[in-house]
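In the block that follows, a single chain appears as structure tokens, in the form predicted alone.
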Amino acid sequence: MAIGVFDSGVGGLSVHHRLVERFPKADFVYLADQANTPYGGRRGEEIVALTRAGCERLFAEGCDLVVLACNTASGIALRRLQQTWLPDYRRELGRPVNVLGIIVPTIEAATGLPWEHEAERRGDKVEKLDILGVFSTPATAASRVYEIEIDKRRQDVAVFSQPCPDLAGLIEEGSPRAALAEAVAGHVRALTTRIGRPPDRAILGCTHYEIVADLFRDALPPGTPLIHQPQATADALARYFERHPEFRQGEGGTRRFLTTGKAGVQSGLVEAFWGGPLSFTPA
């Protein structure tokens, strides 16, 4: 068996890379839906259908567990799939399978609290607010998932989401660093203007953005903490396996990379991030 990692494109490699480091003996299958990337500007029903198709393909490849390494898919499709599709699909397959996302681990990392925790509502005025910026795709920003879920847990954290409609596509295309730096700086300026000052902390709420995390660090004030989704996801998955030994990780250390788009070697930007050439085969 294997762990499946799904994303609309190459952004999920940032999560995949950290999972491979955390579980070196596990078998992994990565699927990039590059034929339909980016997801950020698509309608909700499209995102649900594409995410379900990706999960079905990974289960067919022998995965027991699929990690949605995509904020848009996690925020828009995950709950629907878990509630309305997976129960019948498990019975059809005759084996335990599940789909997990990256937003829950990110919110746990941002709040320092378990997902099950909900803050007691009090009328006391909060003396000092922690301003948390979230850079994301338009679909993730429109869902307000970070604002809603963090507010349930921490009343002293104010969340401001900044949609970045062009950025995932630029990264996917392997655009020059100068163009990427200009785009990132523009989104940081826009968020700073909306808040009235820079955020105290920031979430890179699209896994593509981890590939250019250094550009966000350059654009934000020095020392601004970044909450990294790959690390949060790896930590959460380790805890999940401790609670659910029925999900097998495999033990051959195999790595397979599939794409619904154009197969072959990925961009120089991806190669630099990954640490070497990376080639996808047809899904």
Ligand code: DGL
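For clarity, every value in this text was computed on a predicted model and none was experimentally measured. Start at 1 and count along the sequence shown; that's the residue number.
One more form of this protein should be noted, the form predicted together with the named molecule, which is absent from this view; the next part is about it.
Mapping the unseen interface onto this chain, I171 falls outside it, with no heavy atom inside 4.5 Å of the named molecule in the predicted bound form.
Taking the partner from elsewhere, F216 is found to have every heavy atom lying beyond 4.5 Å of the named molecule in the predicted bound form.
Under a 4.5 angstroms non-hydrogen atom cutoff, the named molecule in the predicted bound form has Y39 among its neighbouring residues. The closest heavy atom approach of V145 to the named molecule in the predicted bound form falls outside 4.5 Å. The partner is not drawn, yet in the predicted bound form one stretch among 204-212, 111-119, 155-163, 191-199 has residues with heavy atoms inside 4.5 Å of the named molecule: 204-212. Residues in 49-67 all lack a heavy atom within 4.5 Å of the named molecule in the predicted bound form.
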